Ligand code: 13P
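Before any questions on binding or motion, here is one chain by itself as structure tokens, the form predicted alone.
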């Protein structure tokens, strides 16, 4: 199974559902549709209405983040995994570099993963090194630490996906070389095997579009993509899928 996951970040209003309708229309007719899954993570404000619309369709709706507590609490603006599941979310991103940059610690991330899984959300756990870490050849060390400090063997690996997003690549147009990416994804899978005995799916994110996917699809270790800017356009998102299977 391959995954094409869109992260809308701070984008979208109710009528933006037309983007997903077009993607769903393509997906429903695509001869390769049984080979992959489409997941979209709009802002909190759109999750319930989008999840309701796509409940019996081909697209899964998820969240971009969740709070590190289980159900209800006194934390202003917190949205718990329980609350997300109650409005129809099936997945949640956890550990995106944006949230790490805003202060998400390893302990916070572990609690997010734990409570998301407890509430039957599938977790897309994001990891990635910054420009300085890459320059100092710390990529593999950083990624191993990000994985081992948060993920535990007792977690259900069947409900976990890992997304590798090098921070220096997000939105820059710069991407790792094929050799770098193959080596890095293989390293991630080996670390995950040490945690879970088997590796969950590992995705790549960072300047993924209809052009770069032609390079990425040749790297057999990659199980799918976490897509940022291109997911806000039905044409660009569909082009990624088309070019992957071309």
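Positions refer to the first chain, counted from 1. Model, not experiment: these values are computed from the prediction.
Separately, the form predicted together with the named molecule exists; it is not shown, and the next lines address it.
J.: On the criterion of a non-hydrogen atom at 4.5 angstroms or closer, are 9, 171 and 208 all touching the named molecule in the predicted complex?
T.: All of them do, each having a heavy atom within 4.5 Å of the partner.
J.: Counting only non-hydrogen atoms and a 4.5 angstroms cut-off, does residue 112 reach the named molecule in the predicted complex?
T.: Contact check for residue 112: no, nothing within 4.5 Å of the named molecule in the predicted complex.
J.: Is there a non-hydrogen atom of residue 226 within 4.5 angstroms of a non-hydrogen atom of the named molecule in the predicted complex?
T.: It does: once the named molecule is placed as it appears in the predicted complex, residue 226 has a heavy atom within 4.5 Å of it.
J.: Does the 4.5 Å heavy atom contact test between residue 129 and the named molecule in the predicted complex come out positive?
T.: Residue-level check for residue 129: no, no contact with the named molecule.
J.: For the chain shown here without its partner, which stretch in 200 to 208, 177 to 185, 45 to 53, 213 to 221 has non-hydrogen atoms within 4.5 angstroms of the named molecule in the predicted complex?
T.: Of the stretches listed, the one contacting the partner is 200 to 208.
J.: Within 83 to 105, which residues come within 4.5 Å of the named molecule in the predicted complex, counting heavy atoms only?
T.: Contacting residue: only 96.
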